[in-house]
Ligand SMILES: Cc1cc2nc3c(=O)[nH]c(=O)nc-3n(C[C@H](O)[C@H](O)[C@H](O)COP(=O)(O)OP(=O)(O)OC[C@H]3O[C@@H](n4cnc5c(N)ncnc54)[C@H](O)[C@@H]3O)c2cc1C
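In structure tokens, the next block holds one chain alone, the form predicted on its own.
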């Protein structure tokens, strides 16, 4: 469904070959093919920074800092990590934002508990997560527990959920003005 939406927008998707170079108006692929276009959009996926691998810290296969169930580095328990830059030692997670959000509270609690010498709590990634993609033109693609559908309703649900989530982090104009004074 996602590929179909891209095709309807006239987007050509090429997988399984790396871009060798990108220059004005074109891309040269690793297989020697030259592509021209008005716009080049490169989707490389989500990968942790090479910082961890380069530092000598333990990493998972994807290069993320290798952490235990308490979100501590497996070799240096004084280091904690969360989000897309880590790899859980026992069960690697998909690179979706929902896990970073779910890690927020246990990560904070564990860092404070570590500093205070209290017991740490295990991070539980939870069950399945809701995935809704914005397909453009007010259309969405919904996936949860094997149910997949696209249309306007998934977009409206995504918009509602995203707007509510972002409101939690907005600073009101009144608060902002008082901070500027």
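Treat the numbers as computed from the prediction; the structure is a model and nothing was measured. Positions refer to the first chain, counted from 1.
The same protein also exists as the form predicted together with this ligand; that form is not shown, yet it is the one meant from here on.
- A residue is said to contact a partner when one of its heavy atoms sits within 4.5 Å of a partner heavy atom; residue 82 meets this definition for this ligand in the predicted bound form.
- Shown alone here, residue 95 lies within 4.5 Å of this ligand in the predicted bound form, counting heavy atoms only.
- When contacts are judged by a 4.5 Å heavy atom cut-off, residue 100 counts as touching this ligand in the predicted bound form.
- The single residue of 141-163 lying near this ligand in the predicted bound form is 158, the criterion being any heavy atom within 4.5 Å.
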